[in-house]
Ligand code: DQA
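Okay, so here's just one chain, in structure tokens, the form predicted on its own.
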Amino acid sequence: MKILIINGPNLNLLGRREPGIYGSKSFEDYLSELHTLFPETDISCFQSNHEGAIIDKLHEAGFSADGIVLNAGALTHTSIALADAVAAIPAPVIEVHISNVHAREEFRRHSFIAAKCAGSITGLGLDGYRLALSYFIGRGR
């Protein structure tokens, strides 16, 4: 099974950025844990602070991956183009947010991509990525 994790703007700063909201673990350290938890799964990761690069990666991987875990960061709340890219590919996408976006600022409570995704996981910290992977793996059996 081939799963791609895509992280959007500012997620390259996990572990250093607002640890009270996002925790103190880097995504690289967490990705190592995911590889240990799911040794039979081909898990790759892509991060960009640029909307077009994320759209290009969705187009590139969306026809070959078995699933995509997408944390679009703030682009979730602003990008119709990203929602269109998710809708354009056959790979199922799970939207993940580390923080509970519904308990934060009003503008974070709307997701342009949610309706195009197979599901959304929000507010469970980095564990949301593990849960999304578990969903894809269970679905593939």
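Computed from a predicted structure; not experimentally measured. Quick note: we count residues from 1 along the sequence shown, nothing fancier.
One more form of this protein exists, namely the form predicted together with this ligand; it is left out here, but the text below deals with it.
Only one of A114, L37, C45, A74 lies close to this ligand in the predicted complex, with a heavy atom inside 4.5 Å, and it is A74. Note that among 29-37, 81-89, 56-64, 94-102, the stretch whose heavy atoms approach this ligand to within 4.5 Å in the predicted complex is 94-102.
This ligand in the predicted complex comes within 4.5 Å of a heavy atom belonging to R17. Put simply, P9 is close to this ligand in the predicted complex: some heavy atom of it is within 4.5 Å.
The partner is not shown here, but in the predicted complex the stretch 107-131 reaches within 4.5 angstroms of this ligand through a heavy atom at R108 alone.
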